[in-house]
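One chain comes next, on its own, written as structure tokens: the form predicted alone.
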């Protein structure tokens, strides 16, 4: 990578040249950028893209995707951040350029682990789904061609010939609707998901897919290409990370919206054992509150509960020595012999802190992991109360937590709609007098709720997490040299590995 002492101008494009650079408001990002940008612009583009993807994620949790409310709020967020979204707007070159370059910058940051890649791909897919949903029908065919998707709309004559079969195979169509709907002839291998769900008509090795259903195929193609591109980018990342001015920026970008690292290195010793009882009622999310209550009442938890609660306590600052003392004292109250605890339970605690076995330093469970895996059985207390509790029992718990009747109704409605994380967020707002801005605060880990709660000494170690969760601009740990530099650098030089690999990605 080379840096020049001369500040270079952006290439000056006019008229048809600008339109040819970015013919559509959405794209598959098949070609990397090849212009020169400054480090300051590099940083600003990356931050804006992160803000956009975070909004996409939070709105997807708070609202049903595809609804009018979801569409309007996401459009407003895209417009606020000045990204491209509609074909009909005048002079869309700058928003589309911003969209293009910022996507490739975040590829560099989010290719570094499987979790990062998964998060990035999901948000980019949701963004593409929204943009495709508002793409004019007369622009769809050219977009497919530019994306190297060889799908063609069939003629009216061919559509009328197979009208009954197509309607019978697609639940989204009815008689009169087919007349206004585009139908695409797609190779069978590209429509396997629709075929698996018996939602498509097949004939002679081709699937006849209505426009409403083709978005699923387009998203699958996009996901496959982006996943492959991220894997290839990860291989070439050392060449980029060798530049000391970019490495801190890329490392911080990759952590800005995945969440604070609640590992023991950052928070060890931040709380005392005496604080846990008061924190459990003031700051813990319901899942951890019920685990703590069960532990105090029964002086024992089964393995699933010990893992979920133990890693949570570790995440909020309990040291290994404190954890051993905490669990031993409680189990002994249940008439367990101290030697039995040392032999049967202390190993697992040390293992979770990375001191035994393969020395993995485990982090707290995410909300999704708690919701989707290892459901509790009779006698268990782990899991998510909003997901795994009977509605009547959940109502009683919320009443005991002093939630108002109106608040309980709101939470139960969210639970009924399977919006468990949003229900937990609503609980937090009601118990801490915090009102989240639309799309700006959706929790993904139980530790985030504890971190945001004001709890004496604990709030010092969560100040950074609070600023990130509240939607504030993340502060990037760039060196002073990076902050003041005004020289331009070549994006094509930075992304040289993309150019080398782009042809294989397209394949």
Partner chain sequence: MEPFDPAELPELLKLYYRRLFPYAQYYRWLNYGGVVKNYFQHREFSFTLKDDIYIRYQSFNNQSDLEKEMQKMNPYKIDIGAVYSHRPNQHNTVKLGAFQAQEKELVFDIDMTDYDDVRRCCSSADICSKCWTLMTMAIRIIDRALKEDFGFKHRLWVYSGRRGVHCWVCDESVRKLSSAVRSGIVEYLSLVKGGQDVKKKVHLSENVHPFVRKSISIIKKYFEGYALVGQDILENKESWDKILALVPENILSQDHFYVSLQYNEKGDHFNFQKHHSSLQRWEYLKKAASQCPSNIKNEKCGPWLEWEIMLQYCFPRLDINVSKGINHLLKSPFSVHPKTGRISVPIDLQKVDQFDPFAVPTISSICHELDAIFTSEAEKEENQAESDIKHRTRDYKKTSLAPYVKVFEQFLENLDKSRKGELLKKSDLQKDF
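These figures come from a predicted structure and were not determined experimentally. Positions refer to the first chain, counted from 1.
Only in words, not in the display: the form predicted together with the partner chain, which the text now covers.
Engineer: May I ask whether 167, 198 and 201 each come within 4.5 Å of the partner chain in the predicted bound form, counting any non-hydrogen atom?
Structural biologist: Checking in the predicted bound form: 167, 198 and 201 are all within 4.5 Å of the partner chain.
Engineer: Which one, 161, 239, 192, 76, lies within 4.5 Å of the partner chain in the predicted bound form by heavy atoms?
Structural biologist: By the 4.5 Å criterion, the partner-contacting residue is 192.
Engineer: To verify the annotation, which of these, 188, 362, 104, 132, has a non-hydrogen atom within 4.5 Å of the partner chain in the predicted bound form?
Structural biologist: Among 188, 362, 104, 132, a heavy atom within 4.5 Å of the partner chain in the predicted bound form occurs only for 188.
Engineer: So which stretch, 301 to 309, 203 to 211, 351 to 359, 285 to 293, is the one near the partner chain in the predicted bound form (non-hydrogen atoms, 4.5 Å)?
Structural biologist: Among the candidates, contact is made by 203 to 211.
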